[in-house]
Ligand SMILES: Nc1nc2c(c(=O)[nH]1)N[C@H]1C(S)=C(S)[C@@H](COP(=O)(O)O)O[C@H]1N2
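What follows is one chain in structure tokens, specifically the form predicted on its own.
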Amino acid sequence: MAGTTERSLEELYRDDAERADSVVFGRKTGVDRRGFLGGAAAMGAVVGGAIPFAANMPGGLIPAALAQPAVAPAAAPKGPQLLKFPGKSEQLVVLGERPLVAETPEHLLDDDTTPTDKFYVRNNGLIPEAAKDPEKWTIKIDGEVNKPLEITLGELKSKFKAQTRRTVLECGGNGRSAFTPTARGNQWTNGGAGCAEWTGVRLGDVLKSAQPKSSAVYTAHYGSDVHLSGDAKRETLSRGARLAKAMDPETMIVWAMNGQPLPNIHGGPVRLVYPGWAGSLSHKWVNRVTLRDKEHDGSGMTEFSYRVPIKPMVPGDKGDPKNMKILESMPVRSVITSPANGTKAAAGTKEVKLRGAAWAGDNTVRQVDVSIDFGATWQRATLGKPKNKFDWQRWTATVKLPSDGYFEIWARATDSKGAMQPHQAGFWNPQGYGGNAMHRIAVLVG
């Protein structure tokens, strides 16, 4: 019909949850879904089975079976666009082509160490050509230092002690799709994260060799990627961090990923790794680190870029730059990595074994809890120990099912300081940073 505007399921629920229930499930508007048996039956028909815990289902909640891509999205006629890139899994979901951005579906994060081909991709500019002679790649250390330094990758390897750490790298916008109203940027679910084995040297050791002045308080990072405009004079991204974080023994200049030379798509031959903080700090193709006597003001450091509210703001508001602070440590997050969302189990299945991962920025994870009844009750998962600081923590649990039907399994983590994942992304901000809503998957039995 002329003049009709199609809206997504998320937009319907965002604008009017009760009307969305009516449109999607044939319910009468204004009727609480928990007390409307006809509505529950209609919803069951949509998701593929009866909902044993329908009485606990919050009004206006989009079922997980409809809210996220299910297993084998490539089979769907209008499913998400999948990545086609040498050396990368074709199951990664493309969120943007210019610059190239692709996330990893949660069920592909089931390895203790994320394989390189399954690791998410995040760029801000054009991917540079691979270095012809990686050992001659040069990094400059300048600014507030007494001995400016130029050092090649080969010299890094010979002059400084190497270390290998398994640490999480996470995009600052991971979880952005859970914000209501929609925030600007790539609509990540939980797949803007991975945990790889990184080999390199401590950034702090290299900075110390340049003899930082007492005035040095902040870093500024630069790389060889070119601005999307193609103008080599325009800055693509230049972020930085407090000097204390740069000097952390876990902050590294790395040249290997999972025991192999760092691939060009992931910043090779050399990149930074700032574990626990927004991934944009872990500059790819790094060729210069400058020490500054004030907070860095490069591209990606001002206005709303990689900043979150000091005081909560009204969702959807324009916002005041003076009320924003730099995003540093990432919030606590857990994901269910097995089974996958949309899994179908045989009739009579009485239990489901769960696996997942959890991490918490600069903190550790204290506990992970799971629920099969829309959060009415919770069960503690068995939480593993990290291999080293900033490694994610794997967890397992077994949940008992009362009958066949449609179940949602929810997972939430709590960090070492007591912060817990919320039901919905909180602290709304214009560019959607720090969204860590609890993960949920759909399982259909019978």
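Keep in mind that this is a model prediction, so the values were computed, not measured. Residue numbers run from 1 along the displayed sequence.
What comes next is about the form predicted in complex with this ligand, which is not displayed.
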| query | finding |
| --- | --- |
| Among the candidates His296, Lys245, Arg307, Lys284, the residue which, in the predicted bound form, approaches this ligand to within 4.5 Å (heavy atoms) | Lys284 |
| Of Ser338, Ser89, Gln187, Asn123, the one that lies within 4.5 Å of this ligand in the predicted bound form (heavy atoms) | Asn123 |
| Options 260 to 268, 370 to 378, 346 to 354, 199 to 207; stretch whose heavy atom lies within 4.5 Å of this ligand in the predicted bound form | 260 to 268 |
| Proximity of Ile253 to this ligand in the predicted bound form, heavy atoms at 4.5 Å | no |
| is_contact(Phe179, this ligand) in the predicted bound form, heavy atom dist at most 4.5 Å | no |
| In the predicted bound form, Asp362 touching this ligand (heavy atom, 4.5 Å) | no |
| Gly276: touches this ligand in the predicted bound form, heavy atom cutoff 4.5 angstroms | no |
| Residues of stretch 157 to 191 in contact with this ligand in the predicted bound form (4.5 Å, non-hydrogen atom) | Leu169, Cys171 |
